[in-house]
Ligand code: ASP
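The form predicted alone is given below as one chain in structure tokens.
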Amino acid sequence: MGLVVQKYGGSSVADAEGIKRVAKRIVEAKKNGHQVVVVVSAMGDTTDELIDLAEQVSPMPAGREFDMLLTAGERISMALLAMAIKNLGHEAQSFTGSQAGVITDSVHNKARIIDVTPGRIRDSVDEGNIAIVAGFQGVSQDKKDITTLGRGGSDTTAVALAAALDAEVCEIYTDVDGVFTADPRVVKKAKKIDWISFEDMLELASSGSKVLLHRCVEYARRYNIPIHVRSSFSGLQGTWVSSEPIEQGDKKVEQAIISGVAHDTSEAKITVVGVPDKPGEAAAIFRTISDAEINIDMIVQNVSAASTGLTDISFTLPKAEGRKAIDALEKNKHGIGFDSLRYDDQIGKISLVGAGMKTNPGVTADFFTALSDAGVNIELISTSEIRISVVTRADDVNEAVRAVHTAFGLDSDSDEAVVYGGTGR
């Protein structure tokens, strides 16, 4: 048996009973002959509580100290889990991100992994221990400061360790039974997907599906690490995410034409009004946004008015970055030459994802017909070979998701989807 990396989210280790249940599952994998490395998130809502505490003390906490605070949650989880495993008669050792060799850049609160040097982890498992690693954190390469990887970073930690340790699989344990055709909190008849390609999972993750972080899937695809998404609350088979279809019995799982419907209500829209329609203007706008270290999603430019030679450019970005983007653009208003800015944070994005879409010409028409029949107005449209995304009013998102899900025959015959912990992560 080879090495397996398991990751447990906050809802799986939310309390003492959850930690003991997770410990039993880990010990079971060890008894089955696997070497086991575990990555663990902070307990329940610990990270949110630490953020609230920091904001009470300082409205703008320094990045270095903020990271030092937030990593405490995972250290609590890893130590308690190691204790629970030892209580079951097996040896376990806990490691912080820096002790595990997770090396990052020096950007606090959203660091990226540069390298993983898991010498201590390898030595520990070779000695027969179960290694428990604090997720979501690492150490900067230059200053040796503690860093955090951003929300959901434990998934990325797990895949990065799996790649560095040449693991057979990275198992991501959440509070749902796998990846579903839509968010089970919104669509009760969502179906579990048995297998999905890295490419489709990347599109779902970037379009708002919260079961896997986009960076985690990106890392797994780069190093070809199979991911098995499953629930820590049940013994059911989950969803395999890999480059090639898996075998189930004597049958290969085929990919569906449509993989699923994702939605995201965490974005806002900025419209730059009255932009001169000439070369370099769009570059100036998005250079300003880039210099502010803000990621954007969808972009639409209107046809310029013949009488004025001016156009409007709209784009979406995370709500949390909205004020920062507005300030950056206003500061460079004369350099760009636009008239005004409009900000709208009451939007939602709905995305249809599937590799078979490019060979099925009726998909686009069916998608827009479903939205029309549901009375949903479309504000922006973006497409790729395997995705169609639209922006609508935030209030219309849930109804739009259910309408599209039903229109493409994705509804289960029964209420299959269960969210055991209430968050979908």
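A quick note: this is a predicted structure, and the numbers were derived from the prediction, not measured. Note that residue numbering follows the sequence shown and begins at 1.
There is also a form predicted in complex with this ligand; it is not shown, and the following applies to it.
Of the candidates T104, S351, S94, S154, S154 is the one whose heavy atoms come within 4.5 Å of this ligand in the predicted bound form; the others do not. Remark: of stretches 23 to 31, 39 to 47, 396 to 404, 370 to 378, the one touching this ligand in the predicted bound form is 39 to 47 (heavy atom within 4.5 Å). Using a 4.5 Å cutoff between non-hydrogen atoms, F338 does not count as a contact of this ligand in the predicted bound form. Contacts with this ligand in the predicted bound form, taken as any heavy atom within 4.5 Å, map within 56 to 93 to E74 alone.
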